[in-house]
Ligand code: NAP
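Below, in structure tokens: the form predicted alone, a single chain.
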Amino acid sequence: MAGCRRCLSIRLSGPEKEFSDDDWMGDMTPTPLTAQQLAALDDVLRGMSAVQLAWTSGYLAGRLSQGTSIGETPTGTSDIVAAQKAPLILFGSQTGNAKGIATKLQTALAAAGITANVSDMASYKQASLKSEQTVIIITATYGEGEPPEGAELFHKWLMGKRAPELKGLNFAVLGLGDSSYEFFNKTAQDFDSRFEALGATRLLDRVELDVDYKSGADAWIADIVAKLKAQTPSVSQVSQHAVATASTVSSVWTKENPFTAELLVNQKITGRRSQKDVRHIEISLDGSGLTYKPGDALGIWFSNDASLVQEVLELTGADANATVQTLRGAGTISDALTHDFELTQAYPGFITKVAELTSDERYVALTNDKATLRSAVTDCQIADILRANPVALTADQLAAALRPLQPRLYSIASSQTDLPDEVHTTVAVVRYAVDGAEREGGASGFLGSRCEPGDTVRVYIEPNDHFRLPIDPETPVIMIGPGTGIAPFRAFLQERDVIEAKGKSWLFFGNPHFTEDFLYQVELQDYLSRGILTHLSVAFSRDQPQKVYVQDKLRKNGAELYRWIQDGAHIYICGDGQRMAKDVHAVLLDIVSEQAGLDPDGAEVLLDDLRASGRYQRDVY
């Protein structure tokens, strides 16, 4: 119901329509395919991106135009080509960037007449690696040098004793990281060195990219395509139709082409005395055609605060009206600082570039020691670096030193089955002080402080296939989400309410204070009273002398939790990945070890098996 301004404690009904996963094929009957072929085709196509579907359409058209069935080798193709296995593109993605590059590489290879397979590391069958001929790794690095959530098990297996020899396999590695972190692109380095140690041969030297990765990624894709094309015997082009069809999906709203949506609701849901400012945000998707599932993320493009832009201009002395070049084209530096450049997150590259451009002794000195450089950018913004180390910069120098603005991702807090034309999210407004200067987070300050109902916001959907409700609605679920980690579980509960799921559900929620920080309290109590939520375990850490966290509640309920796991429950964790998720994982290991009578290694294997089967999923940040 686009435009609805409703109190959070009231559930208004709207037009509903239920769809099964097979409804999209309804107009295709009668079909020449057997039931088994139709089921197999549906299984292959389900989950493909728009670009992958477009490529598949072109590939099939190309095979049909050659008069061959899929099981046949096209006329004129040599036995060598027929025997050559398609390159495999394996990605490990934390925010969707690695996945996007993998899809872009597959499309570029298709245009060059080379069929390539794409797979998420989480769903790839590890035993198949030894039979591959060419493997292209595209991976992000998360947190302090850790693999992305979806790549963790593959990384663990490859680094372990069970990894096979890979002699005869060619590989290349592209890393995506953030130089603000100490272990920049460590996961890519891990994969690169391990493939080499196992006997594989590099196609290209490892490439490591920072947050502003786009131009580097495009150049790397061109190098990969040229390398593989040179190694591939001449074949007829797959089909120009594939390229033409792919262009038809360019109107889909994406990170590069976001949808301009209306903000419907911006409501504070923490109390007046809370130390946190948490906002419930509702955005209209009316007319967009955007679709999402519980577990997906909402990408938000934001603008920098005008006062922050003015501060940077004053500190550098840059002419606000001077013209600079950005990815959007030419414009004033003032406009570019507002819409194009990252100001709210400091990073080592800014200091390094200023040192290079100005030869200023203070900036040069900061770059001489990595530890000092990292310390200089910790918990501060670009303006804070400039205040601590004043330096004159022209508009062109300032633009050259800054990296492009990046959108932020927020877990979706609504079910589209329930609200077809809206998307909700939960945003904690980041506020802190640096040497007396008050600072706000980029997107959280934009949404929480500067956006009002009726304003527009540029958005897109980032799918998260590794954080999904069980297919069977009777499967029990255990949800662990303190703070704003509650967001996807609000979506889970909405979805299970609408579809009348019969499976049990258990939510663990925590925050500092019951009276001030119990997010979505009325809704959760309603779900509990109606049986949509079987158990609600809360931990308000500051309401008693001894702090109590969600992991303490887990430990207290260890025996029953293990019974749920034995009954097939799926476990979900959402929230802080550096502390909370690790603490929760440690407690789960203790519970499994104690209840199943396993040693720590055995408990770890059990949880790894749950992760591999999709029964233990995490969405952490």
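Each residue number is its position in the shown sequence, starting from 1. A quick note: this is a predicted structure, and the numbers were derived from the prediction, not measured.
What comes next is about the form predicted together with this ligand, which is not displayed.
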For this session: Could you tell me if all three of D576, D583 and Y621 have a heavy atom no more than 4.5 Å from this ligand in the predicted complex?
Result: yes
Problem set entry | Stretch in contact in the predicted complex with this ligand, which is absent here, among 179-187, 536-544, 148-156, 326-334 (heavy atoms within 4.5 Å) | 536-544
Exercise. What is the one choice in F91, Y142, F191, Y410 with a heavy atom within 4.5 Å of this ligand in the predicted complex?
Worked result: Y410
Problem set entry | Single option in T426, Q406, N170, Q381 placed near this ligand in the predicted complex, where near means a heavy atom within 4.5 Å | T426
Exercise. Taking 4.5 angstroms as the cut-off for heavy atoms, does K276 touch this ligand in the predicted complex?
Worked result: yes
Problem set entry | Contact of Y549 with this ligand in the predicted complex (heavy atom, 4.5 Å) | yes
Exercise. Is there a heavy atom of P482 lying 4.5 Å or less from a heavy atom of this ligand in the predicted complex?
Worked result: yes
Exercise. Would A322 sit within 4.5 Å of this ligand in the predicted complex, counting heavy atoms only?
Worked result: no
